[in-house]
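Just one chain follows, in the form predicted alone, and it is written as structure tokens.
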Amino acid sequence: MGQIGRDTHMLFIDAFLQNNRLDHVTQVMGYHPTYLDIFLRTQNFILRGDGPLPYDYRHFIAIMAAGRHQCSYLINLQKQEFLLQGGDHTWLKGLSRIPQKLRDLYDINKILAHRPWLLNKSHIEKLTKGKDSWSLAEVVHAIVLLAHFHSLSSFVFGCGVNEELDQDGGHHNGSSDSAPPLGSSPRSVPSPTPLSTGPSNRDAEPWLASMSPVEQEVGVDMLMQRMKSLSERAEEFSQEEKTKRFEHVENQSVELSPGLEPLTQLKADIGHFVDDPTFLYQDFARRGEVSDIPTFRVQDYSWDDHGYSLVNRLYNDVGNLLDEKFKTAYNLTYYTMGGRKDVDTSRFRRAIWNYIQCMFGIRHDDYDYGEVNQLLERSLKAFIKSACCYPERVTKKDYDRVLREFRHSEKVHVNLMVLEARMQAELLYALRAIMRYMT
């Protein structure tokens, strides 16, 4: 980052005044001030702005969401915020101590985090009926919070954000074996070490480690050449061919599933916020199985045409903020790639976004999924899948292995797209379920 720009500096000051700290996530996102601005405005609104849920509920919902990915960084920050908002400290002893109304939300939290395609209108109906019932506005507010903190967990682990200095496990940047800090100019605002070794000191994921360092390494020049030839191609494919290409990419993604046993041994300070830790991501397209859940077609239910207006109607125009945040992450470009300038990166960005949503069973009918295999090498697809679906398992080795010619800021940008494409996927399933319940 070098010396930080004026825009970033002003955003850092705003963030510090809002939170009484300049947290590590904000500093890492500082590479991209346009995005950081809308991220901070959105997060501040859903946690502190007008909305149907009480403030202590909001922060506890954030803790529940981060717990699904064992993200102690976010859990610790939100525990502090919860207490600052006057939250009952006995709730922090675990799920057994919270009000039944909050407890009733846990099933949706679990499903949304790992297999959002299983969410249906009966889950919404269950919340809105009975003694401790939720209003639809409260349900939407809660779902936005859950999706935000599930996806932010992906960003935290994908960029290896370390604990804050005043948290357990927090440490300074000065250790000799740490990666160079983001923004290591002597006059820049001190930045976090970009990557810790993840939640454990395990080696890289086995399906990443099995690739030799040079296996199918697609350099930036080759990537630029492929993007150029794709943009010059006039060939149109039938819907049938596009469907086949989507299914091919979907089935390839199944092969990138981890060989490790799930991390169900939870740390003591996390375990009491987690129920059913063995419920984890499963591939939407299971190998050799025919799913009874159809692919989610964006042409039938999209954010632009359906989700956006439903959120706005039920929760104070938050749809405007989310829409700006999605569009900023999707369209963000400096026309550079690994040191090359004047590069149109739109095809690369679209391939990443659509690949992420493909893993959640979401298909964009107008997209040729053949481009995913042209532009995303296997190791990058494996990293993206880890960051999306098993973020608690991502390690520094995984991060270092992918996009080796890219700058840190460009890798952070990839992780921002993981955050936003995943969040949009969760919201699409949840909002469709709410719409079906309402009609």
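Start at 1 with the first residue shown and count on from there. Bear in mind that the values here come from a model prediction, so they are computed numbers and not experimental data.
Missing here is the form predicted in complex with a small molecule; even so, the following discussion is about that form.
- Proximity of residue 333 to the small molecule in the predicted bound form: non-hydrogen atoms within 4.5 Å are present.
- Put simply, residue 410 is close to the small molecule in the predicted bound form: some heavy atom of it is within 4.5 Å.
- Proximity of residue 337 to the small molecule in the predicted bound form falls within the 4.5 Å heavy atom cutoff.
- Not displayed here, the small molecule is approached by residue 348 to within 4.5 Å at the level of heavy atoms in the predicted bound form.
- Partner contact region in the predicted bound form: 325-333, out of 85-93, 135-143, 300-308, 325-333, criterion any non-hydrogen atom within 4.5 Å of the small molecule.
- None of 45, 406, 35, 55 but one reaches within 4.5 angstroms of the small molecule in the predicted bound form through a heavy atom, and that residue is 406.
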